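So this first bit is one chain, no partners, the form predicted on its own, shown in structure tokens.
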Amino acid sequence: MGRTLLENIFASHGGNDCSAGDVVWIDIDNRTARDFAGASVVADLEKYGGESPVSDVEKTFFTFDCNVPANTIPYADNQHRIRQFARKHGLKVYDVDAGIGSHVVIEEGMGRPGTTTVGTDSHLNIMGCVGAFGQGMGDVDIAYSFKTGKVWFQVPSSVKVTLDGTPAPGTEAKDVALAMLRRFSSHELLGKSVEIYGKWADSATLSDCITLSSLATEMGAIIALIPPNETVLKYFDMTRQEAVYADDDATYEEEYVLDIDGLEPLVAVPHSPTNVHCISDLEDVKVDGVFIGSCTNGTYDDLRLAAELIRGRKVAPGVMLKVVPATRRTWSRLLEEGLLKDIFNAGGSVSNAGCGGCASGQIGMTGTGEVQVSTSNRNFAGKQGRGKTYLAGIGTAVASAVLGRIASISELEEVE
């Protein structure tokens, strides 16, 4: 019997001939902790790790992205404690200027197809975007991975989702993800490893894949794995033979087909990412702010699209547009190409690389009664402040910022 994609990744990392339900010990290629919970990892290692608390300094590092630079004393204390520990043991710190940790892992080439990554980020399963395994875990488990280079997992069941058809023009990866959330909610894929196939997945850009896989957590899935297509392989300068795929005769617990042919842009309404509606149902909703960024929609491709759409336009009076690039590398490229100027000239505010408002730590918080359109992955009550957050793609976010209400990209007038 053939193995699924996740089972093959596990098998190549010490899991041998594993299948759903087995408990296996997995070798971890990238052992990380971020500024959130990273200090707890340090405390565990200082208490129980002995004189040599890290097994491999080349595979172990910290990422600061939740609150950067720290704007609270507790975060400043945590980050400083982590820096001191890292200096003592020769560990790399991707500090407050680096950006979102999961994106940095991909940019630096560490999170290549077929690799394994764990950390204290609940969205580290975003690594499924390149056909790799990633998982957010508690501080004790991450401390153990620092010390030993291994973590145990119970192999989840795998399901296969085939995306059938081609979305309508103006529809983005975020809308495809929202279509999946609308179809499966947060329970049907609960605890599953989801493999995504179809014409859309075969032609998706790396940014598209990042967006879709970043919402696996909201679907209740362990991970959403997209088998590396030619675009992703080219990014890592890899061949198909070097990546990991499911066997042709792999067996899945369930196989689904989701029709996305002609799919129009969607919006998730407060207070759940699964509360998905058509934009036409929400055109009377006035907005006070728009947040563009996060691990879901903070890539260069995402923000280039935002800049191109808003070029020559103005943010509506009384609306705040807040933009946060995912990484320093993205920020630098946008700066060099003049794209940040387009956002600035339109009336937008651009902050330093990081999670931004999505992490409840920096730019993007909402006040009581405030309505915000956000390109992030969660709109739970209190997640991005005390207001109401609607989740959408880049086109919808820009159109909403310009028109002052929830609006579709198709509603933007041509710039003369």
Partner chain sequence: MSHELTLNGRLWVLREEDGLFGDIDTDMIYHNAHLAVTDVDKMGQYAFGNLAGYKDFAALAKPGDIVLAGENFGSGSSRQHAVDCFRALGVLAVAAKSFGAIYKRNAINSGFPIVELPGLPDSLFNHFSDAVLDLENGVLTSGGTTYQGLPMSTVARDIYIAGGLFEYAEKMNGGNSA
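Positions refer to the first chain, counted from 1. Treat the numbers as computed from the prediction; the structure is a model and nothing was measured.
We do not show the form predicted together with its partner chain, though everything after this point is about it.
Here is the short version: of His271, Arg304, Arg329, Lys150, the single residue with a heavy atom within 4.5 Å of its partner chain in the predicted bound form is Lys150. Distance criterion of 4.5 Å from any heavy atom to its partner chain in the predicted bound form singles out Asp141 from the list Glu188, Asp95, Glu107, Asp141. For Met137, a non-hydrogen atom is located within 4.5 Å of its partner chain in the predicted bound form, even though that partner is not displayed.
Although the partner is absent from this view, Asn71 stays clear of its partner chain in the predicted bound form, with no non-hydrogen atom inside 4.5 angstroms. Residue contact with its partner chain in the predicted bound form: Tyr48 places a heavy atom within 4.5 Å of it. Ser280 falls outside the set of residues with a heavy atom inside 4.5 Å of its partner chain in the predicted bound form. Partner proximity in the predicted bound form, defined as non-hydrogen atoms within 4.5 angstroms of its partner chain, places exactly one of 401-409, 388-396, 21-29, 5-13 at the interface: 21-29.
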